[in-house]
Each structure stands twice: as C-alpha cells, then as structure tokens.
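Next up: just one chain, as structure tokens, the form predicted alone.
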Amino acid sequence: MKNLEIFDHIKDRSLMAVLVVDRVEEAVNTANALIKGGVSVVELTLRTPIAIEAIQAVIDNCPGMLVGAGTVLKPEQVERVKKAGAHFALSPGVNANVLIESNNFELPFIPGIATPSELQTAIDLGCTCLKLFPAEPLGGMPYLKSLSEPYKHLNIKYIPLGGININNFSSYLSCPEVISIGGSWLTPETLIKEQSWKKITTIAEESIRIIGKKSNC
C-alpha cells in the first residue's frame, strides 16, 4: 500500500496499540485480543530479538490487523521489516538514511519529531505523517497545537505517542491534524505476561467506546 492509503487506513481505525513482546505467541495472542476489542492497528517495536519474527506471525495469523514496525533506527532494518510483511514503519526520531531506505523499499514511514526543527527536517525529506514523541512530556495537546500551527497549510498529520493513557487520549481527538493516537495502555506488559487476553480485549473495547462518546459530543 502507498503512503496515503496507509495513512487513510490508520485514520479510519483511530487507535494504535504499541506492543513490545519477548515471545512470538504473545504478539499473536495480543493482536487477536485487540482485534476482538475493535483495535486493529499495532506498532510492534524492534526492541526484542524476536520482533521481526513476531511481525510476520501477526500478519500471517491475525487477518485485519494493520502492522507497523516500530523503533526502526537503522537503514538495514527497513529491508528486514519489509520482507517480514510490515505495512508501515515508525521511529522515535528522524534519520535521513532510514527515510531514504524506506523510500527505496516503498515502505510508508512515520518518523518521530519533538521540535519545529525536526518537523521541518522530516518535511524536507518528504514526510507528511509524523509521530509526535514523547507527546505528554512535551506538553500534550497544547504543545501539539502550537507546534503544528505554522505548518497547517502543508497538511501535515500527526500520531501522538508517549505518556498517553486511557484517561487522557481523548483530548487529542479534537485536533483535525491528529489521525491516530498510540500507546501501550492498550497492551499492558503485566497482562501480556499473565496471558490475560480477555482483559486486553476489555481495555480495547473501553477505548473504542470513549472514541464513540467523543465523536457524538
């Protein structure tokens, strides 16, 4: 899928679960639990040795899940996640070599930004969808509004992540530039280790309900 198509799919689904796992089965079971709860976008981070294998397993075993490879920090990782089947990729910062490689492999990429200078660098490298990270420590929604204002005419879109939870994520939904909200509140490590898949489904369902309430206000 091309960049705009991927970003439209992400926008339609509103929430992105951030997932860090030590076992492939954890990734598959968590992804299926999220799907049951109505969340069908996941950032599966490359922070553990089995992450690439987990990405491929989720794509093979969890129909309907849009899978992003997270924490892609090096150009050589781009080819690996593309071959594993990742639909898109993300990073916590801006790396020109990684972005060039993602273009070479036609892998939609969402770099992380925290400042106007980083935002402009990402724009210069052809990015139109950016990850605001870490969103809450930076100042949350007020910071995003101030940061995005000078660039509104460029139609830049944002996915805030970092410090976001079930109690504060809805505040970001009022911003038309925000296409999705991401966080690990959807996939608590303790629940994954306990194999409490039903509880993860319940968290996903409650988060989707909050979105519904917000859109009906």
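All values reported here derive from a predicted model rather than from experimental measurement. Just count from 1 along the sequence shown to find any residue number.
There is another form of the same protein, the form predicted in complex with ligand 3PG; it is not shown, and what comes next is about it.
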{"query": "Heavy atom within 4.5 Å of ligand 3PG in the model of the complex - residue from 161, 34, 192, 178", "finding": "161"}
{"query": "Stretch in contact, per heavy atom within 4.5 angstroms of ligand 3PG in the model of the complex, of 169-177, 40-48, 55-63, 144-152", "finding": "40-48"}
{"query": "Partner proximity in the model of the complex: residue 133 to ligand 3PG, non-hydrogen atom cutoff 4.5 Å", "finding": "yes"}
{"query": "4.5 Å heavy atom contact, residue 29 and ligand 3PG in the model of the complex", "finding": "no"}
{"query": "Contact flag, residue 18 vs ligand 3PG in the model of the complex, heavy atom cut 4.5 Å", "finding": "yes"}
